[in-house]
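Same protein, same chain, two forms; see structure 1 and structure 2 below, as structure tokens.
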Structure 1
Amino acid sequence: MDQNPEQQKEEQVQNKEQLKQQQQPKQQPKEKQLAVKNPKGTRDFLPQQMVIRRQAFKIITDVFEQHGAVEIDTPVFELKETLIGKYGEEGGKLIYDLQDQGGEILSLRYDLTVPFARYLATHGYKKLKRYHIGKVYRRDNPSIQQGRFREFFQCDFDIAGENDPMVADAELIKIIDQIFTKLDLGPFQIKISNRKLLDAMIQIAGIPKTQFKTVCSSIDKLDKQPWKEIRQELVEKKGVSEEQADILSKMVQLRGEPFQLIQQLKEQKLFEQQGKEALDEMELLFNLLKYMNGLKNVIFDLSLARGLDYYTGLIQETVLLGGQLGSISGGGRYDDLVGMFSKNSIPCVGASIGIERIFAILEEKYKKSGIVLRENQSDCIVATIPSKNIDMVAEKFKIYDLLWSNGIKADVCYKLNWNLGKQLTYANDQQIPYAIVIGEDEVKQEIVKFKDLIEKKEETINLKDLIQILKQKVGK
């Protein structure tokens, strides 16, 4: 059937279009762009933040070492069976599990305390005073604003071994007081209680031992929720009778100055039978702290529960007053934990410092102060007066070698053909305090121009005296 002229024309146009498309190179499918973001609940540290972090770590480790602690480290993952069952009903859900690795079921460490107990058993220690700074991991719902991360640092201090009653416990509280005083984060409070008192309170209320863990997890929320809500949870969800809850309420809400509350509890005879030993321990602890001048920031708080299962005696938690960041330190005595990994049970007491929350406070503090921290820690640069003489590059790096060999921190400006002004601008931009300037004349005379970029002063000194003068300037 013959096509009419219009159909022929349309077909010719379509054929031309098809031919055009065939001749064009085929477009490759676009590659999927990688997501440029941090994993949820983690953070990158910028140079300014690293300076703050390094300063905080130094304050903390200096106090630890002042008290005779040695540093240790452990793997970031442990056998899953090492960690399971040590962190209460909530903590157990937050452990990060890893895939089977050659027949071993592993999990990322949740804290530094359980790995320490395993460490003691592994290496046969009977006594050890240690500190450990490392990352831990929790499959938590993160809140960056409140300093809650899935990967974060902890700073732990622990005293393991048989000691006279409450001596190590008192030193631990003194260490916490020293650290937070030196960090200067603002007014703080160290809340102290005893897990044995909690046992006694639950027993006095007539609550069965089988409900201890679940009741403790509710009491542990008293710093965030009013007793009315805690009581409702205990009665409606956890099988505690109204009468039991009312007896418990008379005790768990007590808090105050240590010796005053001790006296009040003695007068009320609340712990005449159950809990008397724990009350005596607390009185001894407070007396030891008084001798150490370590009581000024301490409060005796019977609502303190701490959610972890392994505590056996002293429990403590440190909070900033007027803040919304929650606890910044926690810990206590855990005498039975090592016995889970060894035939020998070793008494231990320790504390963990929540360093991420501290970083956030320090960062905000520096931001408000307007102080710009030095990111580049170099003491000086070597600058050259422009010259066509290629030997000047050699002379420049001979001086750098002299500086580095003598422990002087010196930054290199990589633009070899920059004029002197640009080299000094670079040093100023990096907040480097000194510049050593050489030209052909200086090399011949074996001298250097020594520029103080902060005081805007310059002097000429002999090259042989450079190291001695620089060390005096930078305090080495």
Structure 2
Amino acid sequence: MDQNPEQQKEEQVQNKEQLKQQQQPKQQPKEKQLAVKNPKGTRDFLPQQMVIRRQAFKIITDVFEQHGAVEIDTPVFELKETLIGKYGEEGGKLIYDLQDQGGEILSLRYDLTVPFARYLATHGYKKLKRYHIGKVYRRDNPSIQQGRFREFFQCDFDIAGENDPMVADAELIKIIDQIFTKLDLGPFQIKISNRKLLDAMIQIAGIPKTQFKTVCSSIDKLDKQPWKEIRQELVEKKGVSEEQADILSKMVQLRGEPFQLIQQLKEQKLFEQQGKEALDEMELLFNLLKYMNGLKNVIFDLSLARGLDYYTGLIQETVLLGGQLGSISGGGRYDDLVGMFSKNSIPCVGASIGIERIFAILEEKYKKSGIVLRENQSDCIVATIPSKNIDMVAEKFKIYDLLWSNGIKADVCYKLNWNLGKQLTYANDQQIPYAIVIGEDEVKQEIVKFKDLIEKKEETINLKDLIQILKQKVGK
């Protein structure tokens, strides 16, 4: 008998469900169902992931330190009043508040930039070049696949202080270029613009200054939506006229090689009055970057807006080419933020590197490469052959003491009655390259069998030479 399509569909679903139920017990053992999970939008880092994370952090901090940056740290939570009014309307909604349990009203930090500004004010700095790697918190809709978490790392580098124009800004872009070159994630583009140019464009289009923020937040979507949709939003929802939208339209779609676009803008006499200062700044920036060989991945992009409220000059965003991922770094100049916390305002420029997306790419890379990352860093284990005459447990741990006190990495197998084969299998499973084997004879003669578990070789050596030989083998 023929079934109608609806019935067919339902049956398919049922079959799928049945299949799922049949498969589930294998994939997820029952006892696992009881287990408590980590909170939504957060992640545990497994040992393998920690190895990758440390590699990425090492590359990033090495570049930061190459440029003379010092490291600081601030608390995970701040006074709520410190964070309020810094992240625009959308950002502000995503802040995690702590429950009022008496005492101060606290919130989890949303980024590392506002805490940095607060830090400068609290400690009375006038200048500082610092980096800071830490977790930040946003009550956003998480998407693990897109690398969007509620708890995630930011790697921030900022230069605070009264400096000559665009020098720090240029170094910042150079640093971003160095980091993404070294991370080797594939081709990338550093988009650069200036908040003051955006300001000028809106002014040139004849849109009143009061609408600046709301128009900005529409333009900010240009990397995700076509201009047509944004234009519609501006005209229908934000009170921008058709004519104004047309003028804006021409400008925000301008992007290109930095000096070419500067030339084009000069020829078109676009920023001859409003925005002239900002355009001069950009030209100076590109020149400095040219000198320091930092221009090859830079694109001058007038559509760049950056959502946050606090930017006042340079804005930048890094994207991987050909990927579906969002930006992997963002930042800019924020000259007025510190002034919100202290009478002494300090001009600042900085960038955040969003590391979660980078982790995901690096993990994928390792998976594809087939390279197995060693989690257990141990150089060796001590394995014993049982004896009736000698306390081999005592002899085993005497050798461990010798190894540990000489800085050798030596893992312990916690089963004292395992036979030699099982002990060596343990070492193999943990990818530990060497095993020191002792039995009754070895103890009596003060020798050890030295097994190379990768090369499958064995030699007998004097106990007194063990440390020297091991240090040579592991390159210490």
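By convention here, residues take numbers in order along the sequence of structure 1, the first being 1. Note that the rigid core is defined as the largest set of C-alphas that superpose within 1.5 Å between two forms. It should be emphasised that the depicted structure is a prediction, and the values quoted were computed from it without experimental measurement.
Here the form predicted alone appears as structure 1, and structure 2 shows the other form of the same chain. The rigid-core alignment places the CA of E356 less than 2 Å apart between structures 1 and 2. Relative to the superposed core, I371 undergoes a Cα shift smaller than 2 Å between structures 1 and 2. Annotation for G102: C-alpha shift of 2 angstroms or more between structures 1 and 2, rigid core superposed. The rigid core superposition between structures 1 and 2 gives a CA shift for E459 of 4.5 Å.
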